[in-house]
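In the block that follows, a single chain appears as structure tokens, in the form predicted on its own.
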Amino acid sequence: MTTSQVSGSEPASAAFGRLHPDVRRWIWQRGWRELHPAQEAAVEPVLAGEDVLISAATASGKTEAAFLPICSGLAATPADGPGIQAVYIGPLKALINDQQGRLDSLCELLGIPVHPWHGDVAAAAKQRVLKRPGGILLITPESLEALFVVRATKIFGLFGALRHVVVDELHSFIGTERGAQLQSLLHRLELAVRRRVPRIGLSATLGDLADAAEFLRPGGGARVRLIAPPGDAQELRLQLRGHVHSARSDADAEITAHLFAHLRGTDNLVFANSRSRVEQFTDRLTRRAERTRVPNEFVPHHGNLSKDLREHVEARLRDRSLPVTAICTSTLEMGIDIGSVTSVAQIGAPSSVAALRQRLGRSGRRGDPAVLRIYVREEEVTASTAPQDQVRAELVQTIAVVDLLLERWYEPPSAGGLHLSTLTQQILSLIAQHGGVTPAEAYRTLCGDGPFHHVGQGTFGALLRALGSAGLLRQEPDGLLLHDETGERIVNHYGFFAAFASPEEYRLVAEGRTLGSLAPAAPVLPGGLLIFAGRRWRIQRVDGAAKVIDLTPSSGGAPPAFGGGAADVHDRIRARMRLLYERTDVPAYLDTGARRLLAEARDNFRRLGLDAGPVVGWGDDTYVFPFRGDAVMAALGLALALRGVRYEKESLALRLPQTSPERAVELLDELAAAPPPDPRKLAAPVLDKELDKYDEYLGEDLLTTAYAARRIDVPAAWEALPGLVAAARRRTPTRVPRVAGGTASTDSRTP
């Protein structure tokens, strides 16, 4: 590894020598003997004003890689007048608070002010920035949106001196509505200051650097400087534990016992995949601590908890005076500074390879090995267990994700999606910023020269007409677009600034303290029992007008049902799963229970005939196993539906009720022989196509177009069909009798 010496009488690198003397002094005061490779490589292009993408491991100093040269440039050439000189955009308010702490000492030495700006920052602090803008602004996309809408006349005065934009956790924005909003805001910011502003993207998990660079600078990704130093060869200690849930064995109890026995006394993160599971396992671990009369070290952390409860957990993780284990969702996945934990645990299959990489990065810093424990729960196989459950998809998907992680593959950015919901928001925001725009101006700003360039003039015109019919827009005789009654109400609501939908929530209050919020998935009634914030409660009162639920301590409870669904699985993961079924080797990191489950999965895979073909008859139904990603499976299923065939997507398979295996093969053959259908034709019959915040205003035609672009991959499906048909033809379709293979049991002891 080539690094630069920065202390004592040792020679400094050329990159170090390019930094401002006070920045070099700050580095020396911290006792750094060398710059990290990403920091070394970033100095020259950042100082030169290039667009830069820095992809490096967690805790590799990406923030400093961006801000050491940024601050050097700001110190060497002070601004001629007032104005923010650098903007840092982060996905989380907590991350912004952390970055303020990291930048304060350096910027104080250089005389550069640092201003956090988000919903929790006091109005007085924001007023000071508005009166005397300068230095570095740390902000979320939502707060930047609010500046365009509420402070439109001050935008140029605020950002006229802008020299750099830094986007942290870039991967979290790519392919999302929030990412489309961010791209639009960056474009509008450059239009407001009337010049290009260099952009710097930071991330630890990027699957395709070229695609990420194109996201950072749409239309100019080829000119973005890519910095991706090779990662250090870090030791990884990994175990995947398999548990079977049945009438005789409680898998969750086994997982709880293992967590309790192996995590107590150290600092850990346990990712539980959903808020309900976070509350469930926190409650189980807390009860176990009470029964064994030891201090409870297990605390919950998720987005529905109040800010002070979340910050208390984060402070405990940073403190290290007492051991603590946070049971969490993705809220602790990104770069909030909590230091390095002893280990990371994952309950259930990870949502993606990239997410697991982010989570693993929390463990093993400072030269220590990273420790990862994964727990998979599978149901007992019986005579009535359907084929897709017999092949232990949860376990095999987890192994596939780990395999790809070890190969350093991550999901590439999502290229699909028209983001018409976010385009709707940006049209309304643009009107608020300028007091009105013409259709041509709006199209040129947002689509023609902007990030929504994939939206043609015809689609844009149809969108304006739909928004007019829904009461969001009206057009004046001179052609100017203005907010209509519904649009005015939307823009004036505090929730407008976010590109994602926020369901109406009740505030949960206990003993005079707000615990968090909840959007009930079912009616909430007085007397009901609840587990929330790691404790058990009885619902005392529900105030529908004030949206408040009063709680009192209880001995019973159950986790509430939260919204949200599982993420789509990528093609590469499903393809790896098929390989795992066909292979005979057993990963060394599997415990006894996981080994038994994998052996059972492979036995059932062969017994069902899936090694020979993708079609399995089961009773009166037939299952088709494409072993492809969810967007491909959606295209195949909807294409069958268009031919009048009922289907259900069940995990790895498409279930065709009341269909023989022979007919299923014929249907696949017919699809393969036909030309690929228009995705919009496949999407048209789908009843629930509203996926994003403003989809309800699009009208049926645009809603169908948007759904098809986001959820259906016809080209990949039609590429897969010939292979599926050939495999199905090689094996005479037969019905598999409903006799299950042997069940697996697990050994909860550490191997």
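The first residue of the sequence shown is number 1, and the count goes up from there. The model shown is predicted, which means the values in this text are computed figures rather than measured ones.
What follows is about the form predicted together with the DNA, which we do not show.
Peer 1: Please pick out the stretch from 158 to 166, 303 to 311, 319 to 327, 219 to 227 that is in contact with the DNA in the predicted complex, where contact means heavy atoms within 4.5 Å.
Peer 2: So the stretch in question is 303 to 311.
Peer 1: By the heavy atom within 4.5 Å rule, which residue out of 151, 541, 680, 453 makes contact with the DNA in the predicted complex?
Peer 2: Filtering the options by heavy-atom distance leaves 151.
Peer 1: Find the only residue in 264, 483, 595, 93 having a heavy atom within 4.5 Å of the DNA in the predicted complex.
Peer 2: For this set of options, the contacting one is 93.
Peer 1: Determine whether any heavy atom of residue 123 comes within 4.5 Å of a heavy atom of the DNA in the predicted complex, and answer yes or no.
Peer 2: Result yes; residue 123 sits at the interface with the DNA in the predicted complex.
Peer 1: Taking heavy atoms and a 4.5 Å cut-off, does residue 142 contact the DNA in the predicted complex?
Peer 2: Yes, contact at 4.5 Å.
Peer 1: Does the 4.5 Å heavy atom contact test between residue 118 and the DNA in the predicted complex come out positive?
Peer 2: Residue-level check for residue 118: yes, a contact with the DNA.
Peer 1: Applying a 4.5 Å heavy atom distance criterion, does residue 502 contact the DNA in the predicted complex?
Peer 2: Yes, residue 502 is a contact residue.
Peer 1: Note that the DNA is not shown here; using its position in the predicted complex, name the residues of 169 to 190 with a heavy atom within 4.5 Å of it, in sequence order.
Peer 2: Read in sequence order, the lone residue that approaches the DNA (within 4.5 Å, in the predicted complex) is 178.
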